[in-house]
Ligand SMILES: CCC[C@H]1O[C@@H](n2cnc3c(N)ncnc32)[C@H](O)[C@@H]1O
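What follows is a single chain, given as structure tokens, in the form predicted on its own.
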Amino acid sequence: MELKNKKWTHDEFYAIREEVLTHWPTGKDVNFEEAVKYHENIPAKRHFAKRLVKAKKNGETLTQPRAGVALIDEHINLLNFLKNEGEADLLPSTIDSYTRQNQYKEAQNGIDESLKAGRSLLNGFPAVNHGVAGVRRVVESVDAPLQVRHGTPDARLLGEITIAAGYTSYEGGGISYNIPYAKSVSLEKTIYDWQYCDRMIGIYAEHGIEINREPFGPLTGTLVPPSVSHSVAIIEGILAAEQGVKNITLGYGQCGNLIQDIAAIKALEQLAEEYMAKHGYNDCVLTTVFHQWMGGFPQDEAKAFGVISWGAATAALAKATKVIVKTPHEALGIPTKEANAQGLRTTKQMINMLKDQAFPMTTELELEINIIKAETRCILDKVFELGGNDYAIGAVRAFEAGVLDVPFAPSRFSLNKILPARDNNGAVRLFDVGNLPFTPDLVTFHQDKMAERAKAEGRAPSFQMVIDDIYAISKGNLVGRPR
């Protein structure tokens, strides 16, 4: 395995593919030529990439939930319920935890036990075990664009089966599905394995089949500064484009300050277009996804709807292409289908009320966009330099050096030196910038913001601010003020 950001040849891809399809017996049913013919007949209204392109052209913000259960018929019923009762524009198949860890035997046990119990005993849809035929039943029973959402470091077989079955969008990436999800999986391996997924989708593109790819934007979902998540998203976008992917959605997780969140979506799209063009990827369609608050939620459902509504309003005002919707059961565990639909309808109502309103380009918004862009450029350019003009190699070296660093990540390959906290207006700043390669004026900017909050609260800047902010929203606030 030699990691580098270079398009794999067909020989390189197919040599590995032969082994990947043996990881579970259902791999033998993957037939690329048949899959291409099947995709050619998928109507535009059920095609993820085409629906996103239409939304971007029309200035729409589409809604999408998370959802997945163990058994095929129940999963079909769940998705149709969310489409009909939740008014969802786009639908997911969220994959179970066993499949995410390539533990297909345990996933099969979960299916068997779910059949006995008459209800799902898995926290998602075990697509690998159901195989191409089973997964295609879902595709043919749901009249909406479908995406695979998961959290899988090695998602090669999952990708082969679900795309062959007719799914038109695939989430994840070698960084974003490793650092926030795994403890001891090397970045070299996950970036390499995700190059396989991207090359597979690139080969579909060579046959005229456009599959949407979406790196996972929120990372750990806890006070992640925009420049950190943007850097990972853009790197993963570039790695996908190099392998031939033509339709890419880049994501961002809500931080909570309206100005910062709108600025983040605008800066993400502008920076992605800038860096894609800079490196010669001029034929990619780029869209954005805004994730409603990914941190702790209030247990009270009425308060949870407040958090959901704020995320919906922000997504609409930021003009994100789509929004990933939370539920009022977020603090309690896996939601009922009714609660999931409630979150969707709440979000749809907010989007419809705000779709004709434009957020003005104020001095404050422009300043925030410029700050995010400056920080992100510092990181991206240093990653490129560390890799000897290669983002794949650079990403590995950047995490080793702390040039890329994700707060509160379980991975031992992330230094976890940066400490985020909110400023006095609730925007996410850095209490400790760690080894991020910021210019002195950017470091001073963060120090000044923390000092301003500390003065307002009558306390010294400290780690306690970080702790207070982690729990603030679940306790009914944005900023974790001292009692």
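This is a predicted model, so every value here is computed, not measured. Residue indices: 1-based, along the sequence shown.
The same protein also exists as the form predicted in complex with the ligand; that form is not shown, yet it is the one meant from here on.
Partner contacts here mean any heavy atom within 4.5 Å of the ligand in the predicted bound form, and among 333-341, 111-119, 262-270, 222-230 they occur only in 333-341. This chain lacks the partner; the member of Gly311, Pro145, Gly217, Gly124 within 4.5 angstroms of the ligand in the predicted bound form by a non-hydrogen atom is Gly124.
Distance criterion of 4.5 Å from any heavy atom to the ligand in the predicted bound form singles out Tyr181 from the list Phe359, Tyr281, Tyr204, Tyr181. Each of Gly68, Thr94 and Met294 is positioned with at least one heavy atom within 4.5 Å of the ligand in the predicted bound form. Taking the partner from elsewhere, Arg199 is found to have every heavy atom lying beyond 4.5 Å of the ligand in the predicted bound form. Contact check for Lys326: a non-hydrogen atom falls within 4.5 Å of the ligand in the predicted bound form. Scanning 297-319 for heavy atoms within 4.5 Å of the ligand in the predicted bound form gives no residues at all.
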